Ligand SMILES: NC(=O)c1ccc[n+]([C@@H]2O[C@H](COP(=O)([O-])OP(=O)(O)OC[C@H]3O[C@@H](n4cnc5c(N)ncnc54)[C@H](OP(=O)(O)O)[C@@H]3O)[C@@H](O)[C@H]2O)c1
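Just one chain follows, in the form predicted alone, and it is written as structure tokens.
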Amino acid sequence: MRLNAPRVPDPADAPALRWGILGPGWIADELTTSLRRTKQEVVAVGSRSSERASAFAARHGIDPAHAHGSYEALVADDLVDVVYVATPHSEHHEHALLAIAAGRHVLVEKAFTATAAQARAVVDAARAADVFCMEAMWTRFLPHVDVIRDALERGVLGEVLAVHADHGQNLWPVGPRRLADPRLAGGALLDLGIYPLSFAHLVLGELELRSVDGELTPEGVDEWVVATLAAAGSPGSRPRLAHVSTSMGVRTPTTASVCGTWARLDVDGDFYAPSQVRLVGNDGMVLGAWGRAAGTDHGGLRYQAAELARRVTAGEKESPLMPLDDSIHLMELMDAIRARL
């Protein structure tokens, strides 16, 4: 049993596209900085505030003529090939549809939308307009996740029966106000829990909800959630289970494990960012490792952008690494979890 090196192409080799940023917040800064390590070009930015758009343009060397004081002006900018929707997820539905209607390819920050109904509307619109669309679940495109994917494909772990993943950050009640506001689709699940849930889906495929526990804030959004899910169609005698948890009240280890009958894979925190994967035998001995020490490096955002650029250049409309139907399924699961809470 061993771990192979990742098969992920160098993002610097992906064909160049011209990107427009819709929503010049923190994550947009991180993506734009990461894209400097590739051939991708950030050529325009749009905000509801002309001042914020201009400030973002100045920070990143964007021509001031393409710093737009409205989202409508950004998506109408003919210099733009792809729109990166980087507004809060409560706005993703509206803003993705705006870009799609303008004929732009779209990369939509996670969580894809606020509800499954919104996700289906975005996907239907993208398919009808024949443009590329993808959720910016950057984890799925990172090299250490390809190491995991390869190990699963080769059956290194034996029969995979359990996945454990958690993501907690100390963001409430002192963090961004949007996380506490039900009108802005606040709560831990959409903002943080999407990572362990998407990881479980990557490993096990389509999931069925088994049980949910959690706590709501006084404002009525989820502070923490623990959910157990099973792979769809798991045999009753040996179900393949996922245990995922999230919290916006405490900082958790943010680790993940994939457990099989022969061995398991342990992913250091933060598992959703560039990290180290260890292959551990049933006797506890480390049989191999790939990656580096933990620590969130948002430079890894360039991998998802490179994947989009390769697919768009090839004339494809979605990525097999993050299919649109997966994004819809994950939103359906989050709807079901929140309904139980």
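In case it trips you up, residue 1 is the first one in the sequence shown, and so on. For clarity, every value in this text was computed on a predicted model and none was experimentally measured.
In what follows, reference is made to the form predicted in complex with this ligand, a form of this protein that is not presented.
The single option of H60, H66, R311, R52 touching this ligand in the predicted bound form, heavy atom within 4.5 Å: The residue from H60, H66, R311, R52 that makes the contact is R52.
The single option of Q40, S47, S275, T32 touching this ligand in the predicted bound form, heavy atom within 4.5 Å: Exactly one residue meets the criterion: S47.
Touches this ligand in the predicted bound form: L204 (any heavy atom, 4.5 Å): Close contact is absent here: in the predicted bound form, L204 is far from this ligand, nothing within 4.5 Å, heavy atoms only.
is_contact(R178, this ligand) in the predicted bound form, heavy atom dist at most 4.5 Å: Yes, R178 sits close enough to this ligand in the predicted bound form that at least one of its heavy atoms falls within 4.5 Å.
Partner contact for T87 in the predicted bound form: this ligand, 4.5 angstroms, heavy atom: Because a heavy atom of T87 falls inside 4.5 Å of this ligand in the predicted bound form, the answer is yes.
Any non-hydrogen atom of H298 within 4.5 angstroms of this ligand in the predicted bound form: Taking the distances in the predicted bound form, the answer for H298 is yes, it comes within 4.5 Å of this ligand.
One stretch from 141-149, 154-162, 104-112, 206-214 that, in the predicted bound form, holds residues within 4.5 Å of this ligand by heavy atom: Contact-bearing stretch, as computed: 104-112.
Residues V226, H243 and F271 all lining this ligand in the predicted bound form, heavy atom within 4.5 Å: No residue of the spot touches this ligand in the predicted bound form.
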